[in-house]
Each structure stands twice: as C-alpha cells, then as structure tokens.
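Single chain ahead, by itself, as structure tokens, in the form predicted alone.
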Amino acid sequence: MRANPNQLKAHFKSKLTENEIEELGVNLGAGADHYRAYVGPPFMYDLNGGMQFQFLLDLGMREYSRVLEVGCGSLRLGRFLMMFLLPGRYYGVEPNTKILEEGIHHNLGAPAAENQLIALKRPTFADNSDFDFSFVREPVDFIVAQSIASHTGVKETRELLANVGRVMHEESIAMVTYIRTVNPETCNDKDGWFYPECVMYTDAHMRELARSLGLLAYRTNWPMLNRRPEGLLTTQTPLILTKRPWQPTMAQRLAGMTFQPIDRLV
C-alpha cells in the first residue's frame, strides 16, 4: 500500500475551516517557506510527528531519557518530546533558525525568549549544518535523524552517521531514515545537499557505511500508525544503529514489527 498524498490531503482539508487551511499551510508543497511545509507535507505534520514519538516509545524511551533530534526543524517531533521528557533532556540541532523559531512560536504559543514551556523544559538547541553535536555535553540515549539521509550526499551521510556514533554510549539507539532502492544504478554517488530533492541508497551502501564506522545496522519498519486507509504516511526506511547487538522490544513484537540485520543483506 503506497502513499497517496492526494487522498491524505483531501481527508485532512475536509476537517478544517478555511482559516485553518491557510494558517496550517495545507495547500503548500513540501519545502515551502512555512513552518509546517518546510519539513514535509503540511497535511501530515501531526501524524509524522506522532509516529516518530510512538517509535521512540516502542524502542524504550522514558521521561528520563536524553534525546538528540538531528534536523529538529519546526519541532514536528520536538513538541511531543519536550512535553514528555524531563527538563534538560532534549537536544535539537537545526540550521534554519527561522523555521525553528516559527515552530516554537506556533506550536508552543510564544517566541523562545518569552516562552514558558521553553523556560520550564530547558531544551538545548544548536544551529549548524555540519552535524557538529559537541553542544551535547554527554552521551544520549536516543538519536533521531528523520529524513536527513534522504537529502544528503555520500560524504554528508557518512559525516552524519560518524557524529551520531560519537554521542552514543553502549546502550544508545539511533534511528536514521533513508529512501531505499534495490537498484545499484539509482544509488546516489554524489556529495552535497539535495533539498527539497531526494536521494536514494541501497542497503549495501548503508551496511558498508555503518560497518566502516563500527556501528551495527538493522533495517526495521514503522509502527502500524504508518498504515492508513488512505495510504502510507512515509515509505522511508527506518534504520536502527547501535554499538551492541539489538533485538526489537516487546512492544514492537506485539505490534508485528520485524527486523533484519542489514549486515546480512546482500
């Protein structure tokens, strides 16, 4: 069941007023200069953020966990994480400070400088685009890089995974998504950033990249929330990266989640 953006959009619009449609940027394309559209289809903003949050809960995230979100954007996921985590546990890196500030304002009710939730939860933000996570003072428990490797070239994807590994401890779990192709001829072989365009990688490419960095990689799948009557929310492949062998949690198994060590893929 493939994603059907037209059905998803029509269903979402049918539940909104005209003012809400305009305010939420529903008719804008992904990548547009709007706090919701910039990070993906605006009519799936709520579900995409919620699904990532559920994914982390299923992986074992607790309120005392320390979580790094790479490309936190307008806090599509971050708004859920900040409400859930204890103060000082959320770290977000986002080079587009305008989109981040707009996300704080619209999602949390006020600009960062006068936002009571920001003052209460004490998140830490950085605004670099070279995956410099040195602002994270200690290893984190979970790392999320949603739809980053779908826009990064070979060099940049390696730098992403290398720096993710540097902020992991032995029990950390990182989730990095990529657009999977089974055809080596369509696997990206160029460096640079591609946005809003996308690039694809084979399992073999991601396997060798992870292995070269001393990481274990597992291709898994999204929670059942991804499967909607009107189509999939995303077809991007969630990749689990760990330093020690990993098994799906009980929550994932009960939901029918499967996994396959990417190390064994041809």
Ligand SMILES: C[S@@+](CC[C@H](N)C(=O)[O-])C[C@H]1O[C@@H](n2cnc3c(N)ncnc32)[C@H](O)[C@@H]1O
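Numbering starts at 1 and follows the sequence shown. Note that the coordinates shown come from a computational prediction; the quantities given were computed from them, not determined experimentally.
Omitted here: the form predicted in complex with this ligand. The next part is about that form.
Contact check for F135: no non-hydrogen atom falls within 4.5 Å of this ligand in the predicted complex.
In the predicted complex, none of the heavy atoms of L161 sits within 4.5 Å of a heavy atom of this ligand.
The closest non-hydrogen atom of N96 lies within 4.5 Å of this ligand in the predicted complex. For N188, no non-hydrogen atom is located within 4.5 Å of this ligand in the predicted complex, even though that partner is not displayed.
Per the 4.5 Å heavy atom criterion, this ligand in the predicted complex is contacted by stretch 148 to 156, the sole one of 167 to 175, 148 to 156, 117 to 125, 79 to 87.
Between this ligand and the residues V26, L209, V70, L47, the one pair within 4.5 Å by heavy atoms in the predicted complex involves V70. Taking a 4.5 Å heavy atom cutoff to this ligand in the predicted complex, the contacting residues in 192 to 224 are W193, Y195.
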